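We begin with a single chain expressed as structure tokens, specifically the form predicted on its own.
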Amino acid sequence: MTDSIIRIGLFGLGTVGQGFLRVISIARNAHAEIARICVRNLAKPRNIYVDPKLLTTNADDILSDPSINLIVEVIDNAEASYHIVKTALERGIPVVSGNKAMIARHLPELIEIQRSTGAAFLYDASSCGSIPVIRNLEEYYDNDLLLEVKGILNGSSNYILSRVFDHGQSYADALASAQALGFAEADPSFDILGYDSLFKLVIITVHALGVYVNPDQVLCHGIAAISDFDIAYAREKGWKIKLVAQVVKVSDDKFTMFVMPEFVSPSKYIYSVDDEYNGVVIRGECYDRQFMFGKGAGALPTASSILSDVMARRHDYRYEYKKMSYIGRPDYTTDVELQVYLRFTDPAVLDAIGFTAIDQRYTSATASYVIGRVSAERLRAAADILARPDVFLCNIPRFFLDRD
């Protein structure tokens, strides 16, 4: 593809799609052009001029066009995204996508289709916006020395928590501010319940350790139930609360992964990752910690990552998934003891969780909390209880404290 013009069939012209049109128009060496754009509504007002002749509502106008040699898919419907990506790859057309929900659910199947047809599937934009986490894990960290990938993967929730801890806003006001700026949707649950971070973590784990874990098997707890009580507790200790995703090797042959709010002290890199930024710490056997930082939300940062994948296709780049063929890949486990803070009002919640040990306990008429040890599996199994609006769970870091 190096010597030819890349003719792009673009699916989606929302916030990210419009951002992609902007960045590709100023990328002088992309040697790419938009051949056709598939949208749901031809008449929808948009913030950028688009030649009406480029627009279609029929996906097959793109997928059956032999002159189109790259699909860029940036729609927000995971099921429709899956159909588009699968069809394109089966027809031998390379695809660039940013749909983390779809990728996290279907990646093993899509990898097999790539292998059978030879069509490349790139998706750096699906994880951490402008930070090239996947490409780095795939290329620079293409060895089995990696021990941990941990960080803030969702810019929307991080913006909300930053407004709370750095600017003194209430959680409700901070959420409203995030929605007004476009960092959070009218229904923000995908971000604040942790699912966005979870799907990104599943994708990252494939490239970090060569292992796919179904999202349904992973402990995931968000920030929706955070209260003034929890915020005051963190401030009293000199900490911030961040929504953190983590995959970590707990032994040579086992690893675990989870998404939870975490108490973060000022000595940690991610303590200073604020607003809509993401921050990722990569830890290895012989190189200790490396830190990546960048914007994780917004049209242009994500569009820039998509452009990077488009440019990579000029040089026939593809993910090789080398770690999936390594011998001795670790197995996923939830049989790992965590230390957590659990705030609740109903004592039955505490009984249902099943702590193995309680290190600290506080009880009052309005709220109670315990700090104790419990297995990740017990917490995952108690997802319905933890989803109650009067319950908040926060991780207290235990891994690699001797190296921090």
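Residue positions are given as counts along the sequence shown, with the first one as 1. In this text the structure is predicted, and so the values were computed from the model without any measurement.
The following text describes the form predicted in complex with a further copy of the same chain, which does not appear among the structures shown.
- Put simply, of S189, N214, S116, N143 only one has a heavy atom within 4.5 Å of a further copy of the same chain in the predicted bound form, and it is N143.
- Checking S162, S156, T256, S130 against a further copy of the same chain in the predicted bound form, a heavy atom within 4.5 Å turns up for just one residue: S130.
- Screening 98-106, 81-89, 286-294, 258-266 for residues having heavy atoms within 4.5 Å of a further copy of the same chain in the predicted bound form returns a single hit, 286-294.
- Not one of D384, V391 and P397 places a heavy atom within 4.5 Å of a further copy of the same chain in the predicted bound form.
- Looking at L307, you'd find a heavy atom of it within 4.5 angstroms of a further copy of the same chain in the predicted bound form.
- Not displayed here, a further copy of the same chain is kept clear of T366 by more than 4.5 Å at the level of heavy atoms in the predicted bound form.
- In the predicted bound form, a further copy of the same chain stays beyond 4.5 Å of every heavy atom belonging to F121.
- Shown alone here, D331 lies farther than 4.5 Å from a further copy of the same chain in the predicted bound form, counting heavy atoms only.
- In sequence order, Y326, I327, G328 are the residues of 323-349 having a heavy atom within 4.5 Å of a further copy of the same chain in the predicted bound form; the partner itself is omitted from this view.
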